[in-house]
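This document opens with one chain alone, in structure tokens, the form predicted on its own.
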Amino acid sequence: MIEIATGGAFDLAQTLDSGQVFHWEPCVFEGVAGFAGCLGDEPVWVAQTGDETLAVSGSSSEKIAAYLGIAEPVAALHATFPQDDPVLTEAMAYCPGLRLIRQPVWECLATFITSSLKQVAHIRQISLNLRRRFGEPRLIAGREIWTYPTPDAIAEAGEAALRESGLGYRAVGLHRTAEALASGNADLDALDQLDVEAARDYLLQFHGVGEKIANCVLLFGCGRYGAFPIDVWMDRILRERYFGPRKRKRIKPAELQAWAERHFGPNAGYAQQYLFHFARKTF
């Protein structure tokens, strides 16, 4: 077990339960309450030991810092936000220790394809079903956990098996996306070489991926902090807190998207996560 510094206020439980990832499980190790999960193929246990410290087992401090976003210059990111926005100020005060996680891109894409129109508890169950059926077992802190299945494993499983795992109509999108990647007809590494607009267009080619899912992958998997996903929670808080009764009813989704990206600036996606978590927990 190693101890690492978070470089500022950090809330592990809040970060893992903020709608970015869905597979971390509470786990007590050597008398310390923490969480067990996987960073790609690597099993990890992590716990909060102080306001600005974490205990980690199963991974290097560099990997967990990169994954949990504690290596990012958060103060500099915050400085790019609009400074006269009372709604964002309220949201950040509600969850000051929240950070953006940097996930493996395939896992992020697959998870959000399966998350469409689902509540967090359902998404967690689907993720667990897929991991147990098609992933690889790992052992950490005395607990068995599973990696997220590879594109090859999902492609080989077939659509029917995915439906049996609770995906419903989402099985089509996940299976076709896995087939495209397993066959070599698409490559997520290509995203690194593209600007945000081109990367979004590349993601939109996959079955079951719309603007919201593409922006989630750019934000949570690729570290493109300008990407601004808008789901039902974000649509609600933006319309209700930023626009008057008449305007909120008339503004079209595309107009709302463009307004948010302009208003919140070059790191709009980071601001989005504070607003999303605040809305989901308080509205």
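The structure presented is a predicted model; accordingly, all values stated were derived computationally and were not measured. Numbering starts at 1 and follows the sequence shown.
The form predicted together with the DNA is left out here; the points below concern that form.
- Checking V209, M92, L191, A180 against the DNA in the model of the complex, a heavy atom within 4.5 Å turns up for just one residue: V209.
- Checked against the DNA in the model of the complex, the residues R170, R102, R138, R131 give one hit for a heavy atom within 4.5 Å, which is R170.
- Of the candidate stretches 71 to 79, 183 to 191, 140 to 148, 107 to 115, only 107 to 115 has residues with heavy atoms within 4.5 Å of the DNA in the model of the complex.
- Though the partner is left out of this view, Q119 does reach within 4.5 Å of the DNA in the model of the complex, counting heavy atoms only.
- In the model of the complex, K63 stays away from the DNA, with no heavy atom inside 4.5 Å.
- Contact check for G265: no non-hydrogen atom falls within 4.5 Å of the DNA in the model of the complex.
- Not displayed here, the DNA is kept clear of Y225 by more than 4.5 Å at the level of heavy atoms in the model of the complex.
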